[in-house]
Every structure is written in C-alpha cells, then in structure tokens.
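There is one chain below, alone, in structure tokens, taken in the form predicted on its own.
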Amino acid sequence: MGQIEWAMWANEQALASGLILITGGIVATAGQFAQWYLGAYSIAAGVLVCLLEYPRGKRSKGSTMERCGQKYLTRAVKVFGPLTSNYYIRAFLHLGLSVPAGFLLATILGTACLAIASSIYLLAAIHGEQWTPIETKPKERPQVGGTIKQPPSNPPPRPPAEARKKPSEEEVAGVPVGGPQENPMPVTDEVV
C-alpha cells in the first residue's frame, strides 16, 4: 500500500474550517452576540486561513490538480517562505488562531475543525512532509509544419493497415502485371 500524504487531508480540512469560521463569525457579529468581537475575530481568522490554505501543495507522487485561480495566491504564499511551507509552523498557527474563537457558541464548530486540521498538519510534519508549490509547465505548442502529414492516397473507406495490399516489386518498377495469360485447359467452340 502507498504512503498517506497527510498534508492533502489537512489542507482540505483547514480550508473548510476557515469557511466555517467565517460563517460563524458572520452569525455572531450580525446577531449581536454578547461577545460579538470574537465573531469579528473569527471572520478575520477565517479569511487568513482561507488565503493560506487555498493553494494546494504539490504531491510527492502522482499529479496534483490545481484549484481555480491558485497560481495567483501561490505567489503570495511563496513570498513568506518557511513560515508557510513548514507544516510545524502551520500546525501551531492554526491551533493558535482557533483558541480565541472557541469561547463563542457560533464559532465553536470552526474552532473544532481548525484544531483537527492543526493536528493533521502536525502529523504531516512528523512524517517529514513540506509544502511545495505546484509549478505549471508551459504548454508546448506543436509546430504547424511538423504535424501535417501526407494525405492518404486512396479514398475512404480504407481497410486496416495490415490488410492493405502491398505493391509487388514489378508494380513498383512500372512493369504492368495484368498482361495476357495462357490457359492450361484447351478451349473449344463446339456447341452440342
């Protein structure tokens, strides 16, 4: 069996928890809860988590599907270097961001999800994983002259390649093959 890449799970969990934090923060702030300022904090923390987690990291084996518009945020995340690529730092950052939001009922679900994402990131860091950006390779465009081949000489429908008649040496040389033939049986014109 293959090795589990924990960072991929942590990335999805953290992105979802960031969205849940934003939603809970909107509910707490709009509902004018007693500690509505923790709702405003949850909105800010959720936006920060979403911006950090939106770009997927490259998998160590296989291919990774890039999220829509990820290349723009990848540049921003790459600027911070080891602060964003080291999963130990991410684990403790998410854990620290989740603590203040845990004191408000509307944001406690986002807090729990972010704490779980933090533990998964810690597990990924222990297994030696690290965030590397997905580098998009420039697409090579085929040259127009190099892709055009000779058109087929006989019209469709064409038999498969192995069933096609191969020209004999005499046909290639230009000698007509269909000349007169001798009949081994004598032919008579007698009608009975």
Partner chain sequence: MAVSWRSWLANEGVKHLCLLIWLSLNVLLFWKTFLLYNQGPEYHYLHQMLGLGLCLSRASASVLNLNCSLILLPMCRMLLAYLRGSQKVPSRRTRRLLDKSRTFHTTCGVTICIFSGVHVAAHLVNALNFSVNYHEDFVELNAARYRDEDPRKLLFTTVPGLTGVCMVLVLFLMITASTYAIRVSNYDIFWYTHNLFLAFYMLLMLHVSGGLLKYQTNLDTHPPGCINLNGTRYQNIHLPEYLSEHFHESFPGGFSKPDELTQNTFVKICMEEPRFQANFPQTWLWISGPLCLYCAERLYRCIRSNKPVTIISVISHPSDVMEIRMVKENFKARPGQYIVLHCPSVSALENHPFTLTMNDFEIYSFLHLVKTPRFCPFIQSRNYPKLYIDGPFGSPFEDSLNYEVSLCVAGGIGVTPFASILNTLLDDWKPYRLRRLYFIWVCRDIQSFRWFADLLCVLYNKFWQENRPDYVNIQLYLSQTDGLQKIIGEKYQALNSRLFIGRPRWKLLFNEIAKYNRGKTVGVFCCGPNSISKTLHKLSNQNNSYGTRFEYNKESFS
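Since the structure is predicted, the reported quantities are computational estimates derived from the model, not experimental observations. Numbering follows the first chain given and starts at 1.
Below: the form predicted together with the partner chain, not depicted.
A.B. asks: State the residue from Phe33, Trp131, Tyr41, Tyr54 whose non-hydrogen atoms include one within 4.5 Å of the partner chain in the predicted complex.
C.D. replies: Only one listed residue qualifies here, and that residue is Phe33.
A.B. asks: Is Lys58 a contact residue for the partner chain in the predicted complex, using a 4.5 Å heavy atom cut-off?
C.D. replies: Outside the cut-off, so no.
A.B. asks: Counting only non-hydrogen atoms and a 4.5 angstroms cut-off, does Met65 reach the partner chain in the predicted complex?
C.D. replies: Met65 belongs to the contact set for the partner chain.
A.B. asks: Considering non-hydrogen atoms and a 4.5 Å limit, does the partner chain approach Ala16 in the predicted complex?
C.D. replies: Residue-level check for Ala16: yes, a contact with the partner chain.
A.B. asks: With a cut-off of 4.5 Å between heavy atoms, is Phe80 one of the residues that contacts the partner chain in the predicted complex?
C.D. replies: Answer no; every heavy atom of Phe80 is more than 4.5 Å from the partner chain in the predicted complex.
A.B. asks: Can you tell me which bits of 105 to 128 touch the partner chain in the predicted complex, meaning any heavy atom within 4.5 Å?
C.D. replies: If the 4.5 Å heavy-atom criterion is applied to the partner chain in the predicted complex, 105 to 128 yields Leu105, Ala106, Ile108, Leu109, Ala112, Cys113, Ile116.
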